[in-house]
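Okay, here we've got a single chain as C-alpha cells, the form predicted alone, with questions on binding and movement later.
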Amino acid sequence: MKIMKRLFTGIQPTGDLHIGNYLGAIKQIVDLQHDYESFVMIADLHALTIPQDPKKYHDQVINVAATLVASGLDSQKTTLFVQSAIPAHAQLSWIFSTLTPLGELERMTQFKEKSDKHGQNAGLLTYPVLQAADILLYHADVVPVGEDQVQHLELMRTIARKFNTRYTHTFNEPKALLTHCARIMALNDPTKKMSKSIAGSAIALDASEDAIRSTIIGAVTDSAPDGAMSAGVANLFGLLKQFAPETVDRFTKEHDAGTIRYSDLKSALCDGVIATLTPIQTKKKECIDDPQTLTSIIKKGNQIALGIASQTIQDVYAKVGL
C-alpha cells in the first residue's frame, strides 16, 4: 500500500467566501485530497487578529465547513477540524515564540500590510509563529500556498531547524506546494485584490444568479494601447479559464483580431460561474439543513487532529523539560 505524503492547509472563517477564495484555496484543497493525506484546519484563532462578532463567529465556522464539504471535500479522505478545539496549537506556538527573533517577525511583509490596514496588535506580529505550530504539529510534508505566504513558510522551516538544533530532531521541514491559480483581482478595479467588503469587487459563493450576472456585467473592460490586453480584460480571461475553459480559444482569437464583443465574453463567464456555483449552493444548503452530519464530520476531524497534536506536544514538552 502506497504511503501518501501529508498535506496541511488552513482557511479562515472571516465572513462570506467569494470566487477568489474558491479558486485560490477551496478548489485546491478538493483537488489535492486525492493525492495526499490531507489535514484542513478552520483557522478560527488566526482570524481573531481582526475583530469578529462573537454572536456570529460560530456560524461563520460552520459556514466555512459547509462550503468545503459542498465543494467536494471528502471526510473519508480529508481530516477537517477546528483550530481552537486543539489546545496544542497555542501551547506549541508559545514554545516556538521563544525561538523566534523579534526582527524576523517585524520584517514579514504581511505584518506590515495588515498593520497598515487594521492597526498593529501582537497577534498580527506573532501570526507566523502560530502558523508554524499549526503545520508542524501534524508533521506535514507539504503546504499549499500562494506566493504571498512563502515568506511565512520559510520562517516556519527556520523555527523547525532551531528547535531541532536545540532539543534534538523533532520536526521535518515541510515544503511549500505553490498553487498555480492566477491571482484574482477585483472585478470593478483590477489593480486591487478581490474583496468581499467592497460592492462590485467580488462574487460571493452564495450569490444569486442575478447578483452574479450584475457583477460580471459591471466588470471593468478598459482598453489598452497597441491591442494589448488591459488588466481588467486579463482578469476576465483568467476567470474564463477557470469557469468556462472551452470558450477561451474563441475569445482569445477574437481579442487578437480586434473583433471581440465583451458582452459575449461576460455572458459566457456568467454561465460558467453559475454552472459551477449552483451545485455547490445546493449541496451547502443540504449540509446546513442537516447539522448533525456536518457536526459529526467536524467532531471526527477534531478527534483525529487532537490525537496527533497531543502526541506531538507531549514529545515537545518532554524534550523541553516541561
Ligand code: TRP
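A quick note: this is a predicted structure, and the numbers were derived from the prediction, not measured. Position 1 is the first residue in the sequence shown; the rest follow in order.
From this point on, the text means the form predicted together with this ligand, which you will not see here.
Among 142 to 150, 157 to 165, 243 to 251, 96 to 104, the region lying within 4.5 Å of this ligand in the predicted bound form by heavy atom distance: It is 142 to 150 that comes within 4.5 Å of the partner.
Distance check, G10 to this ligand in the predicted bound form, heavy atom within 4.5 Å: G10: yes, in contact with this ligand in the predicted bound form.
Contact flag, H46 vs this ligand in the predicted bound form, heavy atom cut 4.5 Å: Although this ligand is absent here, H46 would touch it in the predicted bound form, with heavy atoms inside 4.5 Å.
Contact label in the predicted bound form: F237 to this ligand, heavy atom within 4.5 Å: Flag for F237 set to no.
In the predicted bound form, I135 touching this ligand (heavy atom, 4.5 Å): Yes - in the predicted bound form, heavy atoms of I135 and this ligand come within 4.5 Å of each other.
Single option in M41, L277, A65, L269 placed near this ligand in the predicted bound form, where near means a heavy atom within 4.5 Å: Selected option: M41.
Heavy atom contacts to this ligand in the predicted bound form at 4.5 Å, residues of 228 to 256 in sequence order: Heavy-atom contacts within 4.5 Å come from no residue here.
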